[in-house]
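The chain below stands alone, shown as structure tokens; this is the form predicted alone.
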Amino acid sequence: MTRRNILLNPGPATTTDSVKKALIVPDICPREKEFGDLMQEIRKDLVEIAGGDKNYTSVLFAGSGTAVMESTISSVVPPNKKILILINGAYGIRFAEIARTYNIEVVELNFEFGKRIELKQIESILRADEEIACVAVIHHETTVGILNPIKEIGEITKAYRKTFIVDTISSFAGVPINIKDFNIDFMMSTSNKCIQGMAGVAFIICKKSALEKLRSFKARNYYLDLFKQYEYLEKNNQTRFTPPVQIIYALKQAILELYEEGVENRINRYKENYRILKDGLKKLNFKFLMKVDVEESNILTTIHYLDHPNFNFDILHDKLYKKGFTIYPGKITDLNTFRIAVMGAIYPADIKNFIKTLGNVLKEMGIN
């Protein structure tokens, strides 16, 4: 059995031994029919998990979540049109940075990190600027752990006939999502977060009618061209370039385990993990960045450093790491915070053990 580390960082997540073992398969050329059939199965599974039907498809790429963020933005925004990006965290800023890299004109609607996105402001901007073709937002902004109201935003984008792009990288299979009900045209995620696979594969779930519109667009990207990848997958059951073969076998195993557990049961397990985590941190006198008037993801929370002369995040991290627990630095530059996530193959007993270990480590540091 592989040593089991509890990763409390926001991905890659802790995996089961059976997912790890799925990496060990006979060598196979990814151009073989057997592997193509596996890819097709996975593509259908991802659409089903997203709540899609025959009007939706999925496209896989080798890469991290940022790869499919870049693929979507560079491929989907029409030539000489603008994209409205809703920002209340670091990953919304990443969307804007990607768009500007391709000389796409960006309209930013900025809010303080962790604050609610105001729907009326979205409407006001879309009403005033007909050159905006797309609206992009992060569903679970892991800068702080806030869930953005993508259902309501989707209703607005549909009313104004805009293409709706949603980053569900850290919420897919961990938070209730329905691509049809939320009027999402393109949603992206990755194999190594709530779906509990290994890092190395990312995917975009697309409304076919929105995807077909890209056929006439001049490509801004080569490797990450979304329409060309889709077209090649449809014609050949293969990706255009070499995929991470073993990682894809592990992804299939992770999907099988998701079905076995049940998506709703997984979501509820994460919620219970989160409840135990927050209760335990409160008892240790930690304070949270998130305000009570926004929706929490039940996957991740951002925590202020303890106000104690002996508190040192690096020391805390290293001591916990040696004991099998990984915590993660904060993303807010002007505040001293760190983040803890509960996604992955971890369970309430693991979180209870973490809280107990954290308390003991704080005592070792001279913090009562």
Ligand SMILES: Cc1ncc(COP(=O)(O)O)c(C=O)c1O
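Start at 1 with the first residue shown and count on from there. Here the structure is a predicted model, which is why all the values come from computation and not from measurement.
FYI, the form predicted in complex with the ligand isn't displayed, but the following is about it.
**Report entry** Contact of residue 278 with the ligand in the predicted complex (heavy atom, 4.5 Å)
**Finding:** Although the ligand is absent here, residue 278 would stay clear of it in the predicted complex, with no heavy atoms inside 4.5 Å.
Query raised in the report: Does residue 169 make contact with the ligand in the predicted complex, using a 4.5 Å heavy atom cut-off?
Result: Yes, residue 169 sits close enough to the ligand in the predicted complex that at least one of its heavy atoms falls within 4.5 Å.
Query raised in the report: Can residue 138 be called a contact residue for the ligand in the predicted complex at 4.5 Å between heavy atoms?
Result: Within the cut-off, so yes.
Query raised in the report: According to a 4.5 angstroms non-hydrogen atom cut-off, is residue 94 in contact with the ligand in the predicted complex?
Result: Yes.
Query raised in the report: Within 4.5 Å of the ligand in the predicted complex: all of 10, 64 and 193, by heavy atom?
Result: Verified in the predicted complex; spot residues all in contact, yes.
Query raised in the report: Can you say which of 34-42, 307-315, 65-73, 49-57 gets within 4.5 Å of the ligand in the predicted complex, counting heavy atoms only?
Result: Among the candidates, contact is made by 65-73.
Report task. Select from the listed residues 157, 148, 142, 273 the one whose heavy atoms reach within 4.5 Å of the ligand in the predicted complex. Result -> Partner contact (heavy atom, 4.5 Å) among the options: 142.
Requested in this report: Note that the ligand is not shown here; using its position in the predicted complex, name the residues of 212-251 with a heavy atom within 4.5 Å of it, in sequence order.
Outcome: Going through 212-251 in order - heavy atoms within 4.5 Å of the ligand in the predicted complex - there are no hits.
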